[in-house]
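Before any questions on binding or motion, here is one chain by itself as structure tokens, the form predicted alone.
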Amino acid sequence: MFAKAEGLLRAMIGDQANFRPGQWEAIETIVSKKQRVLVVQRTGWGKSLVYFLATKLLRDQGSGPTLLISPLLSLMRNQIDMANKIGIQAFMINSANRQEWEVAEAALSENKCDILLISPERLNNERFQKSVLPEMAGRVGLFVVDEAHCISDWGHDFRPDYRRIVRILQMLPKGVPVLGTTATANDRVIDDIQHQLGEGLIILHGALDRETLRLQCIRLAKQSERMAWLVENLPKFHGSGIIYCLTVPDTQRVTEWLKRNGFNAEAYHAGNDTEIDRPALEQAFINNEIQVLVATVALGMGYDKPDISFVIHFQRPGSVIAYYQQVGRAGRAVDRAYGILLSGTEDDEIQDYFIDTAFPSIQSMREILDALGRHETLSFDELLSKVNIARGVLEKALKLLEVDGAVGTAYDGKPLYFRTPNPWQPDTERIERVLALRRAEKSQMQSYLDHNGCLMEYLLRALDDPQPKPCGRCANCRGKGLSRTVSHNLVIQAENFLKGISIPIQPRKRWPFGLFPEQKRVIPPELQNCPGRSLCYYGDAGWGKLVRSGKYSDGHFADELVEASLRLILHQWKPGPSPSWLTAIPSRRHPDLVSDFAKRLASKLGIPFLPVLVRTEEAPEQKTMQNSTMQARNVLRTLSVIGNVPSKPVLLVDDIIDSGWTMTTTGFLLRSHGSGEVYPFTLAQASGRNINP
């Protein structure tokens, strides 16, 4: 069997290939001993080879198909191509390949599917439950849980849908082998996975040291300093690499800065498909058509480009485990690679946001259950219209409540949620325990930045590696590394670049669900806003900090912001036809803050300021409204137009835009009262909605 497996390995990846230490042991434990195995091995070790080769060997013995559950289906294309070389027929079922479902289901029924790859969310899909699971029940040859740390509360990337896997495991016939794989599990996570996957689990834990990596940590407080550092130091690296950022706006800013300085760079994040073509970027990067990919964690687990020569973090990740997983993208098939961790003043604020939003609040969970209790069923959009909760938070809350058995799902063309008879009590102890761990992980990463000893050894000890030792390669071990200082002139250039960016405000074209009857949700084109602009992101390294101090410390926006806005409007944006008058969003809490700024801007532009908007009643702060329906309703209920509205184009001014519904609704009201084109302009755009990958 070993000889056969070795032949298959070489057919997949080359005539000179040999098994790495531990690979054959894992395959043999699955195929010959039919046992449950957890493989904990470093990134790039070849965990996918284990389940593909085991699948081929089991199928040749007459076993049924493999069912593989993974959150990384979009990144498995090259792995599936390798599996095809040894005759493995692999099929995927996920939300992005609906047109291929029938083909996959037919292959299963005809026993022509060797391995079926699904996302964990499929386990709660009605069609999958009715059409696919019954077809596989009783004849699964191998059950694989890829990225098994996602099954654990303690894991850095816990996903509620992984809890459904435990139920499938309990249904498997006796003797069906099970494989879990992960590169990012310490002892605490391994213990939890062992509990989830059942008794008798064999742990195959390899050494996690990455022999080709050279690590270094550099603190540079300002974003402009780090951007200058990149321009100075990227030419020192050979080949291609990744720069990780924590927010979508940062990927866009860093990418544009690098392009202006002559680098071949592209941004990669989980934005709208119309913004970026992620599969195309992945392939172009693999083909070395892109030198630098500036990415959020959307480019994370499972991405396999073996010749990455550097991974630079523009900001500090939230945990050692997450950092190890990301920096491990580098150095898989090169003799020397670099992992450079930069860190700035915004890191703690961003990580605190992630921690604070890790779990939906208990109050939100109860409000969801109360809303469901008052109705037979509610769709997702109907729930949003009744509960003041963000869309992403509602998705997470419903998954948690479903797994807890408090919420059920019916289907009538779309999912409909209902309250089950099961009582529900929040597990506050577990939530506090996990949040305490997240805070401890943040502290551990802060300590890593200032660690004077071996950096690789620090990571290995945090990951409970069985044999941690000094690497002799990192900047601390060698006593030297890349420069920690940057050119003052280049920093000034970066600061000017940050101050010269303008951020588009795209007009909304449909009202959110529940505001108007379905047939009236389209906003007529003649009542829509024109594309607008924001001067900066709130609190960022350009004008953002000046906006924050003006709003919350000074109670007055500085003349510098008026001048910067003037330059943006007249020399960068140049809206046409040009606005003939200006008005501002009124506020009862700060009645003079925005209007004073708007009057000064109008004077500089040489157009009149007309206060045609009034608040009819005290409204909750818009930032406390958590979804589109609540945000738009909050404005419509409390804002009115008074006096004569000129029929000419208008510049509509506010200090900060978040969801965009204040501007959309106000523009709709102005156009409905006879104004010309409405051009939204704000000093800043809130970055909270752009923090996620």
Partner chain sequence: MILSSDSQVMLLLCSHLGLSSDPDTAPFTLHDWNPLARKFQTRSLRPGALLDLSEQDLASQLDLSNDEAGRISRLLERRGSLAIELERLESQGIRVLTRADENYPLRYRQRLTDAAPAVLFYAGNRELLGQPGIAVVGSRTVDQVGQDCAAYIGNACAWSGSVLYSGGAKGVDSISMKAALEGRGTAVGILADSLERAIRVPETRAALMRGDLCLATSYSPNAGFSVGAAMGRNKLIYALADYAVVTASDVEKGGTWAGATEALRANWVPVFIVDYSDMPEGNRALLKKGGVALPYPFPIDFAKFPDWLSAQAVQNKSKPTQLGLF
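Everything numeric here is computed off the predicted structure, so don't read it as measured data. Numbering follows the first chain given and starts at 1.
Form predicted in complex with its partner chain: not shown, discussed below.
Checking 590, 139, 439, 509 for any heavy atom within 4.5 Å of its partner chain in the model of the complex turns up a single hit: 139. Of the listed positions (578, 129, 446, 549), a single one reaches within 4.5 angstroms of its partner chain by any non-hydrogen atom in the model of the complex, namely 129. In the model of the complex, its partner chain lies farther than 4.5 Å from every heavy atom of residue 614. Contact check for residue 373: a non-hydrogen atom falls within 4.5 Å of its partner chain in the model of the complex. Its partner chain in the model of the complex comes within 4.5 Å of no heavy atom belonging to residue 264. Interface residue remark: residue 405 is counted as part of the site for its partner chain in the model of the complex, having a heavy atom within 4.5 Å. Judged by heavy atoms within 4.5 Å of its partner chain in the model of the complex, the contact stretch among the candidates 160 to 168, 358 to 366, 248 to 256, 593 to 601 is 160 to 168. Using a 4.5 Å cut-off on any heavy atom, the residues of 172 to 211 that reach its partner chain in the model of the complex are, in sequence order, 172, 173, 174, 175, 176.
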